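Next comes just one chain, in C-alpha coordinates: the form predicted alone.
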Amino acid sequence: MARMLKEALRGVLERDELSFLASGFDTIGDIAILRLDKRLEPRKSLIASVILGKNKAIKTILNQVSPVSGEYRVRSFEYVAGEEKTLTTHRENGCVFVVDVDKVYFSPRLSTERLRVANMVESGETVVNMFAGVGVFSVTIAKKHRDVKVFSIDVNPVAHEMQVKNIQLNKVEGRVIPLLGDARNVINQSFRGVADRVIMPLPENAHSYLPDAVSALKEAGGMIHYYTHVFTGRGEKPVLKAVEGLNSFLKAPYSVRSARVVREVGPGWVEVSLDLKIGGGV
(Lines give C-alpha, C1' and ligand atoms only; values in the text may rest on other atoms or scores of the structure.)
Protein backbone atom coordinates (compact mmCIF):
# COMPACT_ATOMS: atom_id res chain seq x y z
CA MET A 1 0.00 0.00 0.00
CA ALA A 2 2.84 2.39 0.85
CA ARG A 3 4.60 1.57 -2.43
CA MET A 4 1.35 2.08 -4.32
CA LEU A 5 0.85 5.45 -2.64
CA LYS A 6 4.31 6.68 -3.58
CA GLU A 7 3.84 5.54 -7.16
CA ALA A 8 0.43 7.20 -7.37
CA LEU A 9 1.87 10.47 -6.06
CA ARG A 10 4.91 10.42 -8.33
CA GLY A 11 4.55 13.36 -10.66
CA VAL A 12 2.01 14.97 -8.33
CA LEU A 13 4.32 15.64 -5.40
CA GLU A 14 7.77 17.11 -5.83
CA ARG A 15 10.69 14.68 -5.52
CA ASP A 16 11.72 16.05 -2.12
CA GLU A 17 8.10 15.81 -0.94
CA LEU A 18 8.02 12.13 -1.89
CA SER A 19 11.07 11.57 0.29
CA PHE A 20 9.15 13.01 3.26
CA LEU A 21 6.31 10.51 2.80
CA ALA A 22 6.29 7.82 5.48
CA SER A 23 7.12 4.30 4.35
CA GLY A 24 3.73 3.01 5.45
CA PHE A 25 0.49 3.72 7.25
CA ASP A 26 -1.83 1.73 9.45
CA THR A 27 -5.24 0.51 8.36
CA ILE A 28 -7.61 -0.27 11.22
CA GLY A 29 -10.93 -1.48 9.90
CA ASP A 30 -11.93 1.10 7.30
CA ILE A 31 -9.77 3.87 8.81
CA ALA A 32 -6.34 4.72 7.41
CA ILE A 33 -3.96 6.42 9.84
CA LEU A 34 -1.21 8.55 8.34
CA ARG A 35 1.86 9.94 10.06
CA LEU A 36 2.57 12.90 7.84
CA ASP A 37 5.77 14.87 8.03
CA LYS A 38 4.93 18.48 8.88
CA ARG A 39 6.43 19.52 5.55
CA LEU A 40 3.58 17.63 3.85
CA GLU A 41 0.79 19.40 5.75
CA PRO A 42 -0.21 21.49 2.72
CA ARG A 43 -0.54 18.26 0.69
CA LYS A 44 -2.53 16.14 3.15
CA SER A 45 -5.87 16.52 1.34
CA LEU A 46 -4.28 15.45 -1.93
CA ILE A 47 -2.58 12.45 -0.31
CA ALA A 48 -5.85 11.44 1.36
CA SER A 49 -7.78 11.68 -1.90
CA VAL A 50 -5.30 9.32 -3.58
CA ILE A 51 -5.69 6.75 -0.77
CA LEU A 52 -9.48 6.93 -0.92
CA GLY A 53 -9.40 6.60 -4.69
CA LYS A 54 -7.09 3.59 -4.70
CA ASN A 55 -8.70 1.60 -1.88
CA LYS A 56 -12.49 1.52 -1.76
CA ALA A 57 -12.44 -0.35 1.57
CA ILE A 58 -11.03 2.74 3.30
CA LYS A 59 -13.69 5.23 4.34
CA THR A 60 -11.81 7.59 6.66
CA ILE A 61 -8.37 9.22 6.65
CA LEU A 62 -6.86 10.43 9.92
CA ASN A 63 -3.46 11.96 10.54
CA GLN A 64 -1.67 11.11 13.78
CA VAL A 65 -0.52 14.33 15.44
CA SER A 66 0.86 13.03 18.74
CA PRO A 67 2.81 9.95 19.86
CA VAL A 68 1.31 7.24 22.05
CA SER A 69 1.24 8.65 25.56
CA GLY A 70 -0.48 8.64 28.93
CA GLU A 71 -1.79 5.88 31.15
CA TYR A 72 -4.15 4.64 28.44
CA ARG A 73 -1.52 4.81 25.63
CA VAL A 74 -3.71 6.82 23.27
CA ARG A 75 -2.81 9.01 20.32
CA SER A 76 -4.26 12.26 19.01
CA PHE A 77 -5.55 12.52 15.45
CA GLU A 78 -6.80 15.13 13.05
CA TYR A 79 -9.53 14.34 10.57
CA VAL A 80 -8.35 14.65 6.97
CA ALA A 81 -10.91 13.15 4.59
CA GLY A 82 -13.79 10.72 4.11
CA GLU A 83 -16.26 9.90 6.88
CA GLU A 84 -15.54 11.89 10.03
CA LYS A 85 -15.27 9.15 12.66
CA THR A 86 -12.85 7.27 14.93
CA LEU A 87 -14.95 4.15 15.62
CA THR A 88 -14.53 1.18 13.30
CA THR A 89 -14.78 -2.60 13.05
CA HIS A 90 -11.49 -4.39 12.47
CA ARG A 91 -11.03 -8.00 11.36
CA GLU A 92 -7.97 -10.17 11.81
CA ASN A 93 -7.16 -13.85 12.29
CA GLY A 94 -10.80 -14.87 11.94
CA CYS A 95 -11.97 -12.48 14.68
CA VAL A 96 -13.84 -9.18 14.66
CA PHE A 97 -13.12 -6.21 16.94
CA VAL A 98 -14.83 -2.92 17.63
CA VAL A 99 -12.12 -0.26 18.05
CA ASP A 100 -12.27 3.47 18.74
CA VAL A 101 -8.79 4.60 17.70
CA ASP A 102 -9.18 7.90 19.55
CA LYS A 103 -9.91 6.31 22.93
CA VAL A 104 -7.91 3.04 23.01
CA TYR A 105 -4.55 1.75 21.84
CA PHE A 106 -4.59 -0.69 18.93
CA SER A 107 -1.94 -1.68 16.40
CA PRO A 108 -2.75 -3.85 13.36
CA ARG A 109 1.00 -4.46 12.98
CA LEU A 110 0.84 -7.00 15.81
CA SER A 111 -1.61 -9.30 14.03
CA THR A 112 1.04 -11.91 13.22
CA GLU A 113 2.43 -11.77 16.76
CA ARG A 114 -1.02 -12.25 18.27
CA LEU A 115 -1.60 -15.33 16.14
CA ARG A 116 1.86 -16.69 16.98
CA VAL A 117 1.17 -16.49 20.71
CA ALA A 118 -2.32 -17.97 20.30
CA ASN A 119 -0.79 -20.94 18.48
CA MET A 120 1.59 -21.54 21.40
CA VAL A 121 -1.21 -21.85 23.95
CA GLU A 122 -1.92 -25.45 24.90
CA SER A 123 -5.18 -27.23 25.69
CA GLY A 124 -6.61 -26.51 29.13
CA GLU A 125 -4.34 -23.58 29.95
CA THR A 126 -5.19 -20.62 32.15
CA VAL A 127 -3.85 -17.38 30.69
CA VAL A 128 -3.53 -13.94 32.27
CA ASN A 129 -3.39 -11.04 29.81
CA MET A 130 -2.14 -8.13 31.90
CA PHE A 131 -2.70 -5.33 29.37
CA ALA A 132 -5.58 -6.51 27.23
CA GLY A 133 -6.84 -3.35 25.55
CA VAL A 134 -9.94 -4.24 23.53
CA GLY A 135 -9.14 -7.93 24.01
CA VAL A 136 -7.39 -8.84 20.78
CA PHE A 137 -4.78 -11.27 22.19
CA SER A 138 -7.38 -12.76 24.53
CA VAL A 139 -10.14 -13.26 21.98
CA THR A 140 -7.71 -14.67 19.39
CA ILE A 141 -6.56 -17.28 21.92
CA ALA A 142 -10.11 -18.19 22.92
CA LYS A 143 -11.26 -18.54 19.32
CA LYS A 144 -8.48 -21.06 18.66
CA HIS A 145 -8.88 -23.02 21.91
CA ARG A 146 -12.30 -23.90 23.29
CA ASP A 147 -10.98 -25.24 26.60
CA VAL A 148 -8.88 -22.29 27.82
CA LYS A 149 -9.59 -19.60 30.38
CA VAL A 150 -8.20 -16.10 29.75
CA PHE A 151 -8.31 -13.49 32.51
CA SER A 152 -8.15 -10.31 30.46
CA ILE A 153 -7.20 -7.13 32.36
CA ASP A 154 -7.12 -3.48 31.32
CA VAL A 155 -7.13 -0.20 33.24
CA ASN A 156 -8.85 1.86 30.50
CA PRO A 157 -12.65 1.87 31.09
CA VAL A 158 -13.40 2.47 27.40
CA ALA A 159 -11.11 -0.38 26.32
CA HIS A 160 -12.80 -2.58 28.92
CA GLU A 161 -16.26 -1.76 27.51
CA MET A 162 -15.10 -2.55 23.99
CA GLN A 163 -13.50 -5.78 25.19
CA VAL A 164 -16.82 -6.87 26.70
CA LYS A 165 -18.50 -6.21 23.34
CA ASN A 166 -15.73 -8.00 21.41
CA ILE A 167 -16.06 -11.05 23.63
CA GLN A 168 -19.74 -11.15 22.75
CA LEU A 169 -19.17 -10.53 19.03
CA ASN A 170 -16.73 -13.43 18.84
CA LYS A 171 -18.86 -15.73 21.05
CA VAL A 172 -16.10 -16.46 23.57
CA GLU A 173 -18.07 -15.66 26.72
CA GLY A 174 -16.88 -17.80 29.60
CA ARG A 175 -13.51 -18.38 27.99
CA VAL A 176 -12.41 -14.73 28.21
CA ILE A 177 -13.10 -13.01 31.54
CA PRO A 178 -12.81 -9.20 31.20
CA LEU A 179 -11.46 -7.40 34.26
CA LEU A 180 -11.21 -3.63 34.76
CA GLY A 181 -8.28 -2.34 36.81
CA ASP A 182 -4.54 -2.02 37.10
CA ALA A 183 -2.97 -5.41 36.40
CA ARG A 184 -0.77 -5.29 39.50
CA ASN A 185 -3.73 -4.71 41.80
CA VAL A 186 -5.97 -7.25 40.07
CA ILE A 187 -3.33 -9.98 40.23
CA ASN A 188 -2.36 -9.30 43.83
CA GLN A 189 -5.99 -9.29 44.94
CA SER A 190 -7.31 -12.32 43.04
CA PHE A 191 -4.96 -14.04 40.60
CA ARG A 192 -1.74 -15.05 42.29
CA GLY A 193 -0.59 -18.54 41.34
CA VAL A 194 -3.35 -19.25 38.79
CA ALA A 195 -1.73 -18.96 35.36
CA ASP A 196 0.11 -21.29 33.03
CA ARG A 197 0.90 -18.34 30.77
CA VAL A 198 1.07 -14.53 31.14
CA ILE A 199 0.98 -12.01 28.28
CA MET A 200 2.55 -8.54 28.78
CA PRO A 201 1.87 -6.42 25.66
CA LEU A 202 2.87 -3.11 27.27
CA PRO A 203 6.38 -2.51 25.91
CA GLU A 204 6.75 0.95 27.44
CA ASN A 205 6.39 -0.26 31.01
CA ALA A 206 6.23 -4.07 31.13
CA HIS A 207 9.55 -4.32 33.01
CA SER A 208 8.05 -2.79 36.15
CA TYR A 209 5.27 -5.41 36.15
CA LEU A 210 7.53 -8.47 35.79
CA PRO A 211 7.35 -9.42 39.49
CA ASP A 212 3.55 -9.33 39.25
CA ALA A 213 3.60 -11.48 36.11
CA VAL A 214 5.73 -14.06 37.93
CA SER A 215 3.37 -14.01 40.92
CA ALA A 216 0.43 -14.77 38.61
CA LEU A 217 2.07 -18.02 37.46
CA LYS A 218 1.36 -21.34 39.11
CA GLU A 219 3.85 -22.63 41.67
CA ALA A 220 5.34 -24.94 39.03
CA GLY A 221 6.07 -21.92 36.82
CA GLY A 222 5.02 -21.22 33.28
CA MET A 223 5.51 -18.94 30.28
CA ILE A 224 5.65 -15.14 30.08
CA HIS A 225 5.36 -13.33 26.76
CA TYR A 226 7.25 -10.11 27.44
CA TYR A 227 7.42 -7.08 25.15
CA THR A 228 9.82 -4.17 25.39
CA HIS A 229 11.08 -1.24 23.34
CA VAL A 230 14.81 -1.19 22.67
CA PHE A 231 16.99 1.57 21.26
CA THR A 232 20.02 0.36 19.36
CA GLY A 233 22.95 2.18 17.89
CA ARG A 234 25.06 1.03 14.97
CA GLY A 235 26.27 -2.52 15.46
CA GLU A 236 24.09 -3.20 18.51
CA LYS A 237 21.76 -6.19 18.53
CA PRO A 238 18.28 -5.33 19.85
CA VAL A 239 17.37 -8.86 20.99
CA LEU A 240 20.61 -9.21 22.94
CA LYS A 241 20.08 -5.78 24.49
CA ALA A 242 16.53 -6.72 25.53
CA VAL A 243 17.70 -9.95 27.16
CA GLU A 244 20.52 -8.18 29.01
CA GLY A 245 18.02 -5.67 30.38
CA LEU A 246 15.92 -8.43 31.95
CA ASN A 247 18.40 -9.14 34.73
CA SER A 248 17.65 -5.81 36.40
CA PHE A 249 13.95 -6.60 36.75
CA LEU A 250 13.46 -10.36 36.71
CA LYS A 251 14.75 -12.15 39.81
CA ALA A 252 13.04 -15.52 39.28
CA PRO A 253 14.94 -18.31 37.48
CA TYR A 254 14.20 -18.06 33.76
CA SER A 255 15.30 -19.08 30.31
CA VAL A 256 14.63 -17.32 27.01
CA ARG A 257 12.84 -19.83 24.81
CA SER A 258 12.61 -17.53 21.79
CA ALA A 259 13.19 -13.88 20.94
CA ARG A 260 12.50 -11.68 17.95
CA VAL A 261 12.14 -8.13 16.72
CA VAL A 262 8.41 -7.58 16.22
CA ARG A 263 8.45 -4.19 14.48
CA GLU A 264 10.14 -0.82 14.19
CA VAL A 265 8.52 1.85 16.36
CA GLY A 266 10.71 4.88 15.61
CA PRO A 267 14.16 5.96 14.45
CA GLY A 268 16.53 3.53 16.14
CA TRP A 269 13.74 1.99 18.23
CA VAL A 270 12.27 -1.49 17.82
CA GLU A 271 9.80 -3.63 19.75
CA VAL A 272 11.23 -6.94 20.92
CA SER A 273 9.24 -10.01 21.99
CA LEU A 274 10.78 -12.46 24.48
CA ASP A 275 9.16 -15.81 25.36
CA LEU A 276 10.35 -16.56 28.89
CA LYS A 277 10.12 -19.87 30.72
CA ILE A 278 9.89 -19.26 34.45
CA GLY A 279 10.65 -21.93 37.07
CA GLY A 280 10.11 -25.61 36.54
CA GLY A 281 13.83 -26.24 36.13
CA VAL A 282 13.80 -23.65 33.30
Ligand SMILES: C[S@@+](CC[C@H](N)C(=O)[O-])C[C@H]1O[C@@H](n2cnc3c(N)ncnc32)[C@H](O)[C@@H]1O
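Note that the structure is a prediction, hence the values are computed from the model and not measured. Counting begins at 1, following the sequence as shown.
Absent from the display: the form predicted together with this ligand. The rest refers to it.
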item: Partner-facing stretch of 116-124, 188-196, 169-177, 71-79, counted where any non-hydrogen atom is within 4.5 angstroms of this ligand in the model of the complex; value: 71-79
item: The single option of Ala183, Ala142, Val101, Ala206 touching this ligand in the model of the complex, heavy atom within 4.5 Å; value: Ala183
item: This ligand contact in the model of the complex: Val148, any heavy atom under 4.5 Å; value: no
item: Partner contact for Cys95 in the model of the complex: this ligand, 4.5 angstroms, heavy atom; value: no
item: Interface membership of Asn156, this ligand in the model of the complex, 4.5 Å heavy atom rule; value: yes
item: Heavy atom of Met130 within 4.5 Å of this ligand in the model of the complex; value: yes
